[in-house]
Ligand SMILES: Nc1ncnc2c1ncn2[C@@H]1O[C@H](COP(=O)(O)OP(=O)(O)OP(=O)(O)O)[C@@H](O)[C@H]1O
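The chain below stands alone and is given in C-alpha cells; this is the form predicted alone.
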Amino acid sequence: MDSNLNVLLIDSDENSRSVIKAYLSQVDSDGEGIGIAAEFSDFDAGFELASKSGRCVVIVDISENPERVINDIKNLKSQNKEAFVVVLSNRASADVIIKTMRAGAKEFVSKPVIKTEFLEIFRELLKDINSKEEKDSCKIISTFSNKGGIGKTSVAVNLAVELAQMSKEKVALIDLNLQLGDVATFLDMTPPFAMDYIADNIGSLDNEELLKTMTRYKNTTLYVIADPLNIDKSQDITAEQIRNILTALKKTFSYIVIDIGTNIDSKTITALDMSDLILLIAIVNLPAIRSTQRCMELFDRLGYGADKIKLVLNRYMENEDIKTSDIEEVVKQKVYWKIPNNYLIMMSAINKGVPVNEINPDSNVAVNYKEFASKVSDYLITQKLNKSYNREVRI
C-alpha cells in the first residue's frame, strides 16, 4: 500500500472499530496488513482531521445518524477531493445507499461487516487509488428519437442543467444533431468553438485545453459542445472522432448528456453504443408511437439490453385517448418517466433561451425535470452497485 495514504476510522462503537482494524490487518497479500493512522469515536474530530489529511481513506459508520454523517461526507468531499470514503451502515436500504453515493462515498458496506466482502471491496479500492489511470466513473446519457418535433432537445437541455445543479459536478452537453442542432439556441449561447473544431483537434487537446474549447453555461458546472457553425462541416466529422471526443470527455466529466439527431448513421450508432443510458423520447400520438416501436426494433438488432433503454413520454397529459398501458404493449417497454405538458412555460423558456427552472422553478414541468434528474442519477448509481457487487438495489 502507498505509505502516503492514511486510513482514518470514524465509528462510535469500539467493538466495531476493533473488527475493522482486524480485517484491515489482512488486506495486503504480502501479509503486512494495513494500520490505522487515527481512529475516532468523535465524528467532528474525525472529519476535521480527514479534511486536512490530503490523500486518505476514511472509513465511517453512519448507522446512528445517517443524515448528519452524509452531510459531513459532502462537506469533506468539498474540502478534500483526495479523501476516499468507505461507508459502514446497518441501514442498507436503497435510499441510504444512494444518498451516501451522491454525497461522494466511494464504497458502501453493510453491517454486520462480512470479512470476505470487506476485504474484496477494500482491495479493489486500493487498486483504484494506486492505479495510474483514473477509474471511469463518467456516465453517458443520450436522448434519442427517429422522429423530430417531440421535444428531444428540451429534454436533453433541461436534464443536463438539473444534473449540473444537483450534483455540483461537471456535466457536458453535446449537440450531436450536427446539421440542425438547437442546443446552443435553447441556452442562448454563441460558442466560439463548436463540434467541428473539437473533432479536428481532439488528438492534440489535453483535458484542460478541451475544457477551454467548450462553452460554460453561466456560472454553472455545465459545459456545452454545439453543432458546427457551418453546416457543410458536419459532413466531415467521423464516427471515430465522435468516439475520441467522448472518450476524452469521460476523463473530466461526471455526466455527458448527448442530444442525438434523428438520422441513423455510424456517428449516431457510435454515440448510442457508448451510452450508459438511452432515453427514448416519445409523445402520445400514433405516428410517434409507431416511430418509437421502430426505434426499439433497432435497439434490439444492436443488441442493447433492456436496462440501457428508458421510455420517456414528453408533453404528457392525463386522460389521453391512448393509454400508457397501450403504449407499453405496442412498444414492449415500460414507461420510465412522464414529463407534463406545459406549453406556456416551455415556449417561454425556449424563446428566452433559458431552462424551464429559470422561468418558474415552481411550475409542474420545472419540478418534474428536477425529479427526473434525481431519478436518472439514482438509477445510474444503482446500476453501478449492482454490477460491482451483484446487489439488487432498486428504485
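Numbers follow the displayed sequence, beginning with 1. Predicted, not measured: the structure shown is a model, and the values here were computed from it.
Not pictured, yet referred to below: the form predicted in complex with the named molecule.
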**Complete:** Picking from 339, 331, 56, 70, the single residue whose non-hydrogen atoms come within 4.5 angstroms of the named molecule in the predicted bound form is 339
**Item:** Single option in 203, 112, 303, 149 placed near the named molecule in the predicted bound form, where near means a heavy atom within 4.5 Å
**Value:** 149
**Request:** Name the stretch: of 59-67, 347-355, 34-42, 323-331, exactly one has residues whose heavy atoms fall within 4.5 Å of the named molecule in the predicted bound form.
**Result:** 347-355
**Asked** Can you check whether residue 215 is within 4.5 Å of the named molecule in the predicted bound form, heavy atom basis?
**Response** no
**Asked** Is there a heavy atom of residue 315 lying 4.5 Å or less from a heavy atom of the named molecule in the predicted bound form?
**Response** yes
**Message:** I'd like to know if residue 153 sits close to the named molecule in the predicted bound form, meaning any non-hydrogen atom pair within 4.5 angstroms.
**Reply:** yes
**Prompt:** Does residue 365 reach the named molecule in the predicted bound form if we count a contact as any heavy atom within 4.5 Å?
**Reply:** yes
**Message:** For a quick check, can you give me the residues of 279-313 that have a heavy atom within 4.5 Å of the named molecule in the predicted bound form?
**Reply:** none
